[in-house]
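Single chain ahead, written as structure tokens, the form predicted on its own.
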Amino acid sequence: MITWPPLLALLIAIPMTSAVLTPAVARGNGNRAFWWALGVMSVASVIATMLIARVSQEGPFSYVVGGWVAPYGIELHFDEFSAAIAIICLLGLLAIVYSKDYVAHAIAEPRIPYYYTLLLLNLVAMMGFTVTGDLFNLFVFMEILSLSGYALVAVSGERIAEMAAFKYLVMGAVSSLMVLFGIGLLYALTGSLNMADIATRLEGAPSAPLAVAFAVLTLGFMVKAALFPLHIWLPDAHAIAPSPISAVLSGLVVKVGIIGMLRVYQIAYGSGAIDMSGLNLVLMWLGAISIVMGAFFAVFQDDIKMMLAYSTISNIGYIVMGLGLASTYGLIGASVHVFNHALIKATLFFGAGALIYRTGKRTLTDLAGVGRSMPFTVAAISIGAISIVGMPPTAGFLCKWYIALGAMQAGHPFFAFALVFGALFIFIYYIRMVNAFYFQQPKDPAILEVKEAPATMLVPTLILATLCLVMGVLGRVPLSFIEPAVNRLLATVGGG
């Protein structure tokens, strides 16, 4: 059994320090920067594995930096929700491997060390956001994550990428201001920034400013999560970014908004000082609308990465609806979909990136027939497609099934209907994709002559596609893992 508390601090300290040192280590050499980044994420992955093993045996645990306890000290807290670092490390590792040949093709050589610097900063900020125990550091990690994300979208230096990054920055700044305002209100009401400490101090707090604090925090995180109608920054940013970054943004970064909402719920439910039923109803409706509208917009896209970007908005809707249902099944399904959707969407973006890398084309019309020349890549995309629809026995099935059960359990069967309706919509646009790749005649015969992408890009794509199937077959494992955390959360409000 692992009992060495500093592991939790080292999970953040090692990648953060290493990220800053990347340009100095690489000295302008992109290949050296790649191996450095790969080594750093490998170390972080080992530490993450040890921490997850510990929480599965002992339950939640904390590490207080410097021994200063709340409300003055910095606390890192690890619970079952924090196990999201597993998917951050996995996708981070695979994105770095995928980037080796991709960035040499897409980014000027002098920029490559900075690309890996920003990618490491982005990944470690996500890990820090996931395990921090206080709101101030949650905000700090969120800002590191956001700033590195804006820069990664624009890293190619192309005009269209800079415009997409600017739109992302503007919406991100609005979101950050709302989150900061909410944190300030909670600090004014409690005199503490420690999340667990705040929950114990909220009893008797005036209801109006308390409601405003939770409302603006939730709204700020909804912008980060790109929930409809707050999604306008996402399609361009995710479609224009380099494909490994699209996978990280769509698979991981938008989930920061979801984790932020989960932390808000832990404070609210833990304190018992505020009734969240009104907010839950809003989240259920916005989730259902997001499912349908994201899928609706995706149906009309011809650009493959733009289609995937809109698909993310739809799937965030599933997760938010599960949170709003506030039932055991709904929350379990939503929590596991955070993990599974990251696997699925990274599969799809990696596959799309490989197609674009080899053909130079990015629309369904231009990519017609590519399944004959790149069968492994298109097979991986097809597995990702049936998984995102939610067909058994893939990773997308169990979590959506649990969210539907959660709707029944919460006494809102209409939302189960919305979930099924959204899945049918998603089925339509992925059928378009698979039909174009396999069954349509090529617009350009030269597309039949292209080869599969390099192994550094193909192997991560196939690994993720395989995991989409494995996590469908072994779906009970993550469901059982997250269940204790959900039960603890709902026990405070007598839910279930």
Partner chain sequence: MMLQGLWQNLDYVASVVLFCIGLYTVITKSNLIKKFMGLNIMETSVFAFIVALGVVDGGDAPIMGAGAEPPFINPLPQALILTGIVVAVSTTALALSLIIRIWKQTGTIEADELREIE
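Numbering follows the first chain given and starts at 1. Keep in mind it's a predicted model, so treat the numbers as computed, not measured.
There is another form of this protein, the form predicted together with the partner chain, and it is not shown here; the text below is about that form.
Partner contact region in the model of the complex: 139-147, out of 315-323, 255-263, 418-426, 139-147, criterion any non-hydrogen atom within 4.5 Å of the partner chain. Every member of the trio 160, 173 and 188 reaches the partner chain in the model of the complex with some non-hydrogen atom inside 4.5 Å. Of the candidates 166, 357, 214, 297, 166 is the one whose heavy atoms come within 4.5 Å of the partner chain in the model of the complex; the others do not. Note on contacts: among 378, 125, 154, 342, the single residue with a heavy atom within 4.5 Å of the partner chain in the model of the complex is 154. For the chain shown alone, residue 292 is not a contact residue for the partner chain in the model of the complex, no non-hydrogen atom being within 4.5 angstroms. By the criterion of a heavy atom within 4.5 Å, residue 177 is counted among the residues contacting the partner chain in the model of the complex.
Taking the partner from the other structure, the partner chain in the model of the complex has a heavy atom within 4.5 Å of a heavy atom of residue 193.
For residue 392, no non-hydrogen atom is located within 4.5 Å of the partner chain in the model of the complex, even though that partner is not displayed.
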